[in-house]
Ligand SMILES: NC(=O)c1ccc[n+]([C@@H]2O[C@H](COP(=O)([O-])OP(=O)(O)OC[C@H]3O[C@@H](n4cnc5c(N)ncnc54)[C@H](OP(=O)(O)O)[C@@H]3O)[C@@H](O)[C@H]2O)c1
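Take a look at this one chain, the form predicted on its own, written out in structure tokens.
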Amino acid sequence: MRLLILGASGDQGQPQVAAAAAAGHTVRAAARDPVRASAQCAGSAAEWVAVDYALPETVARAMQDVDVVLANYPSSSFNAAEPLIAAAELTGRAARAAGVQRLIFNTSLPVMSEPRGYAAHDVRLTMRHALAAAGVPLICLQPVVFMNNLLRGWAFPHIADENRFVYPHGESLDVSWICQEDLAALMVCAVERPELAGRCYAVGGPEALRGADVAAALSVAAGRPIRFESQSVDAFCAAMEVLMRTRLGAERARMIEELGTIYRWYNTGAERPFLVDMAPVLRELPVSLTRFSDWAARQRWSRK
């Protein structure tokens, strides 16, 4: 089929480009700067096109002759709500006008059926409603925590330099960690299943792990002891504020406050948003999921 992947140059979009091409689909990959993105993703069998949500004509052009759109958007934790919601609304209108058969929306975080009062969550829920309102058949995949987060600036230095897995998860919190490559496989699998239109799937990995379990797998992968340190949400927010120091002060403060609010929910919410039973999902989206230990073994856990 002919696919358009929005947000194709991002961490979550790039594996989708690779998975869609490997599955034999014709891939059109959208990025704000397609020249830079195509160079960054050298070797991808994709047609790179420019999409800027401030320029609706670029979205309309990218949708032409497309069967299915895989929609990825910037983080709702670290970006203003209004542009994200407007981007989803524009996506839906353009898809309907172009005769797109299906939209597959990656929410990038857990989303419940009703607002929860957490900006990052509620923005994604509003975006989901906006895409559904366009009238194009919609499938939503709603992943929990990404294994790939451990390679980011708030987690990797502790592992590489201090042999500590530091994360704002309680010691007894069960988490269905998923890698971005598995999310890509699930999205590409959904491309060929029109009967799933209207469905929303919470998706995670094949196992529920606590912090100590993750640290044990990291120890094996790294070849040295790594211990889990349950970080308080306040300490996590303080560290993230340092990493976000280039943001404007008021904007940064608002985002950090929201980050703390949603992470407290992740840890204590009655819905257990980080825990997913994948057995029923895999009956409808049959893919092979990656165990954390196997994913960790493929990574480098030092700076050497």
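Just so it is clear, the structure is predicted and the values come from calculations on it, not from any experiment. The numbering used is simple: start at 1 and walk along the sequence shown.
We do not show the form predicted in complex with the named molecule, though everything after this point is about it.
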task: Indicate whether the candidate residues I104, T126 and C140 are all in contact with the named molecule in the predicted complex, with contact defined as any heavy atom within 4.5 Å.
output: no
- prompt: Though only this chain appears here, would D277 touch the named molecule in the predicted complex if you measure heavy atom gaps against 4.5 Å?
  reply: no
Contact flag, D65 vs the named molecule in the predicted complex, heavy atom cut 4.5 Å: no
- request: Answer for R264 alone: is it within 4.5 Å of the named molecule in the predicted complex, judged on heavy atom distances?
  value: no
task: Indicate whether G10 is a 4.5 Å heavy atom neighbour of the named molecule in the predicted complex.
output: yes
query: Out of the stretches listed (220 to 228, 72 to 80, 184 to 192, 129 to 137), which one is close to the named molecule in the predicted complex, meaning heavy atoms within 4.5 Å?
result: 72 to 80
- line: Exactly one of A160, C200, V144, A119 comes within 4.5 Å of the named molecule in the predicted complex through a heavy atom, and that residue is V144
- prompt: Here the chain is shown alone; which of V100, L109, C179, L209 has a heavy atom within 4.5 Å of the named molecule in the predicted complex?
  reply: L109
- request: For the stretch 168 to 196, return the residues whose heavy atoms include at least one within 4.5 Å of the named molecule in the predicted complex, in the order they occur.
  value: none
